[in-house]
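In structure tokens, one chain follows: the form predicted alone.
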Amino acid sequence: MEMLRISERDIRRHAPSTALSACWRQWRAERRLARGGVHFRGTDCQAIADAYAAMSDQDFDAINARQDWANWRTIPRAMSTHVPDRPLRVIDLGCGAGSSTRVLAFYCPAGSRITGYELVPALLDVACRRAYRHRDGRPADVAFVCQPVTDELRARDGGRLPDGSVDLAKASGIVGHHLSAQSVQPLIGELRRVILPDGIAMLDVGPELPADVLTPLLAGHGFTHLGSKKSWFLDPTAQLIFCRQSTTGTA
């Protein structure tokens, strides 16, 4: 099977090159929001949802600036050589206002079907207004579902997402920052259910859920750790790449 290959040259050409300004913009926005009593870091899902709902579109873009900068580097690096070069069925977990979904739409093979999942309706409204295009300029097949990523995953039509119906599951900035070893368990179970054998999960790690905790949790549900990718070598976070084993003795 031919695998998707994305060169570093392509990644550098299309990725934003303003890391310093992105970090500065994020830092200023976080300080301004904190002074107003808006705190979005932590693992309390309702408190996080309330904080994001209190933000304007501009606030969220600002506090997500560094993550957006990183997504244009880590997502294609993690996808390259790990997913087939054919139309994929993709889920974008915790898609926020759609910035990571734009990266997936751009780099996934033409004809891929991408569904974003987000808890906060206001962010999803912004995501739905964005344009999503493939590298060749054609519109991408993108839709969204409003729900927590730790609930049973629903399809676009509102029904249960079918077993073994996903080639690639991706999360950026939610697993490692807003979930714990306990609260991530339902999500891992859903990934085990919906990802087809030999399918891929790309999950972020961070201060709340580091790699040395997340990796054995995935291994216990039949996922093999293939490696990790970073936006740059000093990035404290990373995108971990897992393959769902085709056969396993794990229930």
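As the structure is a computational prediction, the values presented were derived from the model and not from experiment. The first residue of the shown sequence is 1; numbering continues from there.
Beyond the structure shown, there is the form predicted in complex with a small molecule, which is absent from this document and is the topic of what follows.
In plain terms, the part of the chain that comes close to the small molecule in the predicted complex, with a heavy atom within 4.5 Å, is 90-98 out of 90-98, 154-162, 107-115, 131-139. 48 is the sole member of 205, 48, 38, 218 with a non-hydrogen atom within 4.5 Å of the small molecule in the predicted complex. 119 is the sole member of 78, 83, 127, 119 with a non-hydrogen atom lying within 4.5 angstroms of the small molecule in the predicted complex. Mapping the unseen interface onto this chain, residue 74 falls outside it, with no heavy atom inside 4.5 Å of the small molecule in the predicted complex.
Not displayed here, the small molecule is approached by residue 174 to within 4.5 Å at the level of heavy atoms in the predicted complex.
Proximity of residue 180 to the small molecule in the predicted complex falls outside the 4.5 Å heavy atom cutoff. Residue 123 belongs to the set of residues with a heavy atom inside 4.5 Å of the small molecule in the predicted complex.
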